[in-house]
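Only one chain is shown below, in structure tokens, and it's the form predicted alone.
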Amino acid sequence: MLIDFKTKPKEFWKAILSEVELKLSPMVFKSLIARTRGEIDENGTLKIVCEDDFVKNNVEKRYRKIIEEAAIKLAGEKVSFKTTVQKGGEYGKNNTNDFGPLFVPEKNPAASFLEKQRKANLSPRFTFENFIMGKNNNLAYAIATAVAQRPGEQYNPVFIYSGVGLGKTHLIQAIGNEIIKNKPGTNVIYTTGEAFTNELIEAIKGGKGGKIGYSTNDFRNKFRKADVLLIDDIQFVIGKETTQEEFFHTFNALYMSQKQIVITSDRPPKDFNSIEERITSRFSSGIVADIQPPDMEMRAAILRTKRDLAGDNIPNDVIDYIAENVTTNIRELEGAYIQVRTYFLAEHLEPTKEAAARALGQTIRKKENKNLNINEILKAVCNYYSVKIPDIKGKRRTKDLVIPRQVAMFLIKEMTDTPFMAIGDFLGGRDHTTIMHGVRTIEEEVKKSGRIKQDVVNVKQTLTDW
């Protein structure tokens, strides 16, 4: 049924939204189209008001045709429309031409929400809507969303850990942003272990006549009056006795008041060897979840979403090529995508796998490591270090076994993409967190370009043509 958009503008715009939503992924619709509203001006032109330039550019370049087709279908004629931007508080003002429930202005103006984000030290980039969930992070995601809905009630404290660049910061900040959005009166504070330490040092200096206007009492009042405390990368307080003591008392004060505490780290609580047991026991008193590295399908999904949001013209086979060849973490994966996209633009090239390979400094070839057997890798490591396979799989932790064992963990993970849990089962039934720690240890040693790096290179040469 056709709609007279000039006499029924509200109905017309809501119908357009319904049509467009059917043709886009939920994430793209929420992240872009849901950040617009429609108006009909005195000339009968459909004016699409965008929250910022990013949304406007995407609507114009990537989704204009979809909107035009929906408008023609519903009006039975071509409808002129234009896109504009209204930022900050102006975007959220009441307007009689503000159509549809998705676009009813919030009780708190946009500027007020942004101010609350700034005060909490949160970035608006990190939300649940643009966090891609998969089997590698579904537990952490489920816990985070539950906490955001009912802070201080269901899971407390929450401890999330993973390697670098796998989404810990995104998830912990998404919790804060969601709480501020739904419970604007909540006092949310986000900080890092390093920032917490530095702020405490400044407070101590101020208390002794150093920095004027900020004392240890100010520091304690700030953190102990939080309704939700989010501390990222808590491992940075390790070895800092005064910081650990202050954190312990802050934690206790908030926990006893049933305030929500969320902590992230690069390792599980049981791997904190240089921190007081009373602190690690607090970490483990609530719920602990980890984020695993994404598999191939997850990496491809992340890049396809990034492409769709940016409006890039990069085909799926190129996306898949990047996802297959960059397996370390999400941060490096997205960096590789940007590198490839920039190379295409700078060289005025068609987006092909061959061009992507050149951009990444690689050539397309079948990876021989895909055919490697984990038994062959373990055998090569044992031969190199002159140790026995049963000893590597055993429980002894002497130095002559620990390094070969960790090198085996590292090479199996790097050269086969075997899951941590499977590596743990293969190497004598070890916990997957032990494997993560071993892989991380060798990664750090390889960066130092010392003896262990040369050992890794030598073992690789016995296995492949790397």
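Please read these numbers as outputs of a predicted model, since none were measured by experiment. Counting begins at 1, following the sequence as shown.
Not on display, but discussed next: the form predicted together with a small molecule.
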Is Phe131 one of the residues lying within 4.5 Å of the small molecule in the model of the complex, judged by heavy atom distances?
yes
Indicate whether Gly167 is a 4.5 Å heavy atom neighbour of the small molecule in the model of the complex.
yes
Is Lys82 one of the residues lying within 4.5 Å of the small molecule in the model of the complex, judged by heavy atom distances?
no
Any chance Gln117 has a heavy atom within 4.5 Å of the small molecule in the model of the complex?
no
From Tyr321, Phe126, Phe283, Phe247: within 4.5 Å of the small molecule in the model of the complex by heavy atoms is Phe126
Listed residue that, although the small molecule is not shown, lies within 4.5 Å of it in the model of the complex (heavy atoms), from Arg331, Arg396, Lys78, Arg278
Arg331
Within 4.5 Å, heavy atoms only, one stretch in 179-187, 195-203, 385-393, 297-305 touches the small molecule in the model of the complex. Which?
297-305
